[in-house]
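Read the single chain below, which is given as structure tokens and is the form predicted on its own.
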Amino acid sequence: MTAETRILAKPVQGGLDAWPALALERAVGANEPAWALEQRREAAEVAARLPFPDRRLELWRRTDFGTLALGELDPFVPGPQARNLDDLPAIVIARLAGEAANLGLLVQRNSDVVLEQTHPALAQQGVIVCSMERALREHAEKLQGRLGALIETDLDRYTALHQAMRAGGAFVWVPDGVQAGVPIRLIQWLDGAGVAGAPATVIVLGRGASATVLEECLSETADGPAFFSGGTEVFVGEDAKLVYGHLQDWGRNVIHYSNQRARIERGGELQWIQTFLGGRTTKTNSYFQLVGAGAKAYVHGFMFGDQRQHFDLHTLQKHLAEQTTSDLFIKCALKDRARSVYQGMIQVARGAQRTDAYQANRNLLLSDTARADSIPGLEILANDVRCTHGATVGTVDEEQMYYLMTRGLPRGDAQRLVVEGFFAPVLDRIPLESVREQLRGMIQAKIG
């Protein structure tokens, strides 16, 4: 953490109650349109009347943020603007692995987007990749009715605060019929302790469009808590196809809470990849609405926790039209005293006949002190459907270990191969080879 960041990362005068007013003042100065300012005001009113969630609520019964004191953090720490890639943190440069020239790229540092890089191929196609602030100034008509449309303001106080406080984030727009020529990467970075971030990201694919977008959360471990509150809304148009990856590798001081929503229209297809590796405590709600006939959502993800990490993922596959398909497969490996919570629901509305939905959660415990909670569920209001769900919790197969060890492998190497094989089906779906290799390296490091 730089000296500049240490000076700026301090509690805001007036504490948590002052946050919404200060955020509104900043938004007015940034020339946000009137409807976006009104959204902030309404969210601030909701936040003021809601308590913070606790274990009495079902979705929070197995997770809490412990001693996190939001009012002691600073959500307005500016990020130093980057003239080019060399001005970014070393970890970010390493993650880009020489691929920056073949990407659309946006990097946010603390509360500010510090680098926007639109690839010429994307610009020629009319693809927009820009900060949320710039989008609200230059493309407000494309955002109105989308920003804040899918995430429920009154879900809880954290969510309402995020909508009142949002700072930074990205806007991705792919016009009708356009196949985006290069991948798009969105990177969120937090500097050290005492910082809070609240970006809002909106991704829109027009009819018949296609794109690949990776959103990554990165930081180094620091002394003292930091908080990330994210919101991502995805709109997949008719017959469009989006590959979206959310890769979380925070430092061990970060508490992460995010809401992710996707809406898929008739004939649209969403490939969604989600990974949790870093952070102290992570809670994410990922909901998928299949609103048009023939819409498809394929959701694959993994969590790998060690030490005392805590991961909590809640998913909702919501089928609102006939002949829709969703396939969700989440894997989790845990060692030391790590814990995971997976809670999922498939909902099939009346009239959503010939729905085909699948939900599975597989958990691998690598120590006697690790714990995995898995709670899949179904709510079906149609009678011509195929819906299945399941969950397993187990340890490393000793027969597999014996087989590998009898062929000369030490026990640690044998366990590493088993765990890598466990995660392989998800890793193979990640679209960029360099990212796949980086994730494999992080998994190997966690195995030890």
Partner chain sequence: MSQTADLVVQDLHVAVEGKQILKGLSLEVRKGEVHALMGPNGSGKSTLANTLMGHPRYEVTGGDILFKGESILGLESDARSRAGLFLAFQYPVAIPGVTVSNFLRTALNARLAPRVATTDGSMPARRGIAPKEFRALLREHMALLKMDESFALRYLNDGFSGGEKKRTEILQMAMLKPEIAIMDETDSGLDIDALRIVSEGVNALSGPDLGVLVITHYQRILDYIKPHFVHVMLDGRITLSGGPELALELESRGYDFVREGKESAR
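Since this is a predicted model, take the numbers as computed values, not measurements. Numbering follows the first chain given and starts at 1.
Just so you know, the form predicted together with its partner chain exists too; it's not on screen, but the next bit is about it.
Contact annotation: its partner chain lies within 4.5 Å of heavy atoms from the stretch 418 to 426 in the predicted complex, the single such stretch among 379 to 387, 60 to 68, 418 to 426, 40 to 48.
Of the listed positions (27, 404, 393, 396), a single one reaches within 4.5 angstroms of its partner chain by any non-hydrogen atom in the predicted complex, namely 404. Of the heavy atoms in residue 400, some are within 4.5 Å of its partner chain in the predicted complex. Among residues of the shown chain, residue 54 is not one whose heavy atoms approach its partner chain to within 4.5 Å in the predicted complex. A residue is said to contact a partner when one of its heavy atoms sits within 4.5 Å of a partner heavy atom; residue 410 meets this definition for its partner chain in the predicted complex.
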